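Have a look below at one chain only, the form predicted on its own, in structure tokens format.
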Amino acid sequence: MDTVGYDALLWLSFGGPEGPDEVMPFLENVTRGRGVPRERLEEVAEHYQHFGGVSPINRLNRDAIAAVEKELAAQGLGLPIYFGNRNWQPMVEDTLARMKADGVRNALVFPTSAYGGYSACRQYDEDIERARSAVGEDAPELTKLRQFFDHPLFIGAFADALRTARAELDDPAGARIVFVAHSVPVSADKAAGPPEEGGHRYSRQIAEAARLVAAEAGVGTYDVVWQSRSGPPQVPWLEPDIVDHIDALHAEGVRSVVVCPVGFVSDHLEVIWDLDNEAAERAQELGMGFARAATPGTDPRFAELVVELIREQVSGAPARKLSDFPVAGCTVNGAPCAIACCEPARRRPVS
């Protein structure tokens, strides 16, 4: 099938260590320039060492890529997929150099984040810009696929996972549903989106995705909370934290909780540590029932979703979405969606 000039897909992700000796260098890459104390890095490193120094994220990405390759072949779309990361091997700069050597001229980019905001979207633009600069003259043109937090396949996969998790509890009807996403500094969330929108695009999209999943799953009452903050304690981040929230629910007399990691596409280490270990252990200490919904990355609908996003570009297929948020994130060669879109406050000009 004609792919309208696109000759590859770059799968762009966060990266993670695949051995004990890689953990600290990886964390140093992740936190460079952010002022994270060394003791915090050592604490997080222990989380990785708990799993043999291996993050599941690269394996999960490779599995997802294989599923998308299969779906592309089934639909007659001849796009090879290349895999590159921001923070660890395979680094995106090296992957793009290989793409150039292979003769790729014009590629699509799938970033493994469904949302807007600096870390969720704009930083992937910076990855693209940095990689093209590193490759230099005749670097492939790169078109990033759009945000997909409100795509019906994404919402449907989460809704089914939520139903399955809730059914694991002794009293499914009495469980509190709690949606969780990665926390970010309050200042970064305030700057998320084009300035004329008034900011907070990230937290508003998370809230909308939670609403959509809850409605699809038939859930009336639910909460939206956060996890995995990593900055210095004096910097405000989005709250409440999931473990603190479990304490609060217990104080209210809630007897069980179902956690849905709506901010994540796969079960990488922050999900399995912060939720499957810390949150689950806290609930157990308090005598509360606990279940955690799966992320959608291993659901067959996720591969279908990626191919739908590709079809929007190669054949002009309409964008399927369930919210009133504008379609965003689809830009070329690392350009932002709009002037000053999702820039951290420190980068914006002083007015």
Ligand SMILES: CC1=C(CCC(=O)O)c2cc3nc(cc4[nH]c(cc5[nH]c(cc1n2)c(C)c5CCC(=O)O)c(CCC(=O)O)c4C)C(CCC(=O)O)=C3C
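Nothing here was measured: the structure is a model prediction, and the numbers come from that model. Start at 1 with the first residue shown and count on from there.
Note that the form predicted in complex with the named molecule isn't included here; everything after this is about it.
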| query | finding |
| --- | --- |
| Heavy atom of Gly16 within 4.5 Å of the named molecule in the model of the complex | yes |
| Non-hydrogen atom contact Leu238 with the named molecule in the model of the complex at 4.5 angstroms | no |
| Partner contact for Thr31 in the model of the complex: the named molecule, 4.5 angstroms, heavy atom | yes |
| Contact label in the model of the complex: Arg40 to the named molecule, heavy atom within 4.5 Å | yes |
| All of Phe158, Ala192 and Phe325 within 4.5 Å of the named molecule in the model of the complex, heavy atom check | no |
| Listed residue (Leu27, Ala283, Ala294, Val307) with a non-hydrogen atom within 4.5 angstroms of the named molecule in the model of the complex | Leu27 |
| Option touching the named molecule, based on a heavy atom within 4.5 Å in the model of the complex, out of Phe83, Trp273, Phe110, Phe264 | Phe264 |
| Which of 69-77, 243-251, 100-108, 182-190 sits within 4.5 Å of the named molecule in the model of the complex, heavy atom basis | 182-190 |
